[in-house]
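Before any questions on how it binds or moves, here is one chain, the form predicted alone, in C-alpha cells.
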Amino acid sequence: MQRMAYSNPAPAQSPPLHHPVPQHVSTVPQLRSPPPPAQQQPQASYGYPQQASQGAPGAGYMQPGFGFINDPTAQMGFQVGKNAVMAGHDYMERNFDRYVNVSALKHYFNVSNSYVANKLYIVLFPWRHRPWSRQQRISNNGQDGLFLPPREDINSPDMYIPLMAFVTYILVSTILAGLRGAFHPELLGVIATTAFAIVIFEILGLKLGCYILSISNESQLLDLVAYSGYKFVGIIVTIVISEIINKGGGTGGWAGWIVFAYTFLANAFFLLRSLKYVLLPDTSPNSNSSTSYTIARSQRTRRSQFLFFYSYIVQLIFMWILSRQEGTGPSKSVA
C-alpha cells in the first residue's frame, strides 16, 4: 500500500524559535547568617538607645527603657515638684517654729534609760527623795545658765514619760475593757478624747493661775505640760493592780480604792515638791539663781495656796475621772 503524495511540498527549512525575554530584572537575595552582636560599652546614665542606621527595619522605633528621665518635659516636672516640696518644707519650718520652739522641745526628750527608770521610781515613791531643786549649767561669766537636760538632772521634767504614759493609758484601758467584754468601737475614741481634754483643761487652768499670780518663766508652758502628764503613771498602776486583785472587777472595791489613794498621794506629793521651784522660786539672799526675785508675803501665800489646790484638789478630781474612764462602755449582752 503506497502513501498518497501531497500537493504542497514541505519547506526547505523550519522557522527559528524565539524564547521569551523577561522585561523586569529581579535578583535573588543571598542568604547569610547575621553578624555577631557588637559589645556595647556601659553608659553612665539612662537614656534613649542608640538609633539604628538609616534603612534598617525599626530604625524610628523607640526601644523600651528609662529614657523618660532624660526627657526635657519630665525633667522640668521633676524640678517643679522638687521646688514645691522644698518650699512647703521651709514654710512648715517657719510657721511651726513660730508657735513651738523646736530646740526647746528637744530638751525635754533628751533622756536615757537610767533616767526613765529613776524618774518612774520617784513618781511612784517620792517620799524619801532629796533634793528637789533643779541644776543649772554654769556659764563662762560665772552666772547660772540654762537648766540641765533630763539626762543629766533627775529633777528636770521631761515629756518622754508623760507621752508614753498617755498612750499606754489609752491602750491598757481598752484592753482591759475588752477582757471584761465591755469593748465597743467607740471606746478607744472616747477614752483618748477624755484624756486629751483633761490635759488641755489642766494646762489652761495652770496658765490662767500663773497669769493671775504674775508667775513668769521662759520654759513655763513646756514645764507645765510635762508635769501634767505624770499622773498617767499612777493611773496605769491603779487600773492594772485593781484589775488583778478584783479579778476583772475594775477599779471598784476596797483594793481599788487603796491603790488609787496611794497613787494619788504619791503624785500630789511629787507635784508639790517639783512645782515649788516653778511657782515659788528661791528667795534666799545667798542664792545665785537668775530666777530669784523678791516676792511679797501675801503673794507668796497665794501661790502656796494655788500650788496646794492644784496638787491635791485638782489632781484628785482628774485622776478619779481617768481611773473610772476605763470601765465605761456597755456590758456584754446576753443572747
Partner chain sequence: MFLFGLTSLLKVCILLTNAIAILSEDRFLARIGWSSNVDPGFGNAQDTASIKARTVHLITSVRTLMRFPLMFINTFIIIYELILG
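Residue numbers count along the first chain shown, from 1. Computed from a predicted structure; not experimentally measured.
The protein also exists as the form predicted in complex with its partner chain; that form is not presented, and the subsequent description refers to it.
> Do residue 257 and its partner chain share at least one heavy atom pair within 4.5 Å in the predicted bound form?
Contact with its partner chain, no.
> Decide whether residue 246 counts as a contact residue for its partner chain in the predicted bound form under a heavy atom distance cut-off of 4.5 Å.
Looking in the predicted bound form, residue contacts with its partner chain do not include residue 246, since no heavy atom lies within 4.5 Å.
> With the partner left out of view, is residue 299 within 4.5 angstroms of its partner chain in the predicted bound form by any non-hydrogen atom?
Heavy-atom contact with its partner chain at 4.5 Å: present for residue 299.
> Can any non-hydrogen atom of residue 172 be found within 4.5 angstroms of its partner chain in the predicted bound form?
Flag for residue 172 set to no.
> Just to confirm, with a 4.5 Å cut-off on non-hydrogen atoms, which of 226, 213, 241, 111 contacts its partner chain in the predicted bound form?
Only one option qualifies, and that one is 213.
> Of 261, 74, 124, 190, which residue is found within 4.5 angstroms of its partner chain in the predicted bound form when only non-hydrogen atoms are counted?
Checked against the cut-off, the match is 190.
> Given its partner chain in the predicted bound form, answer whether the residues 158, 164 and 183 all have a heavy atom inside 4.5 Å of it.
Verified in the predicted bound form; spot residues all out of contact, no.
> Heavy atoms within 4.5 Å of its partner chain in the predicted bound form: which stretch in 172-180, 205-213, 79-87, 227-235 meets that?
Contact-bearing stretch, as computed: 205-213.
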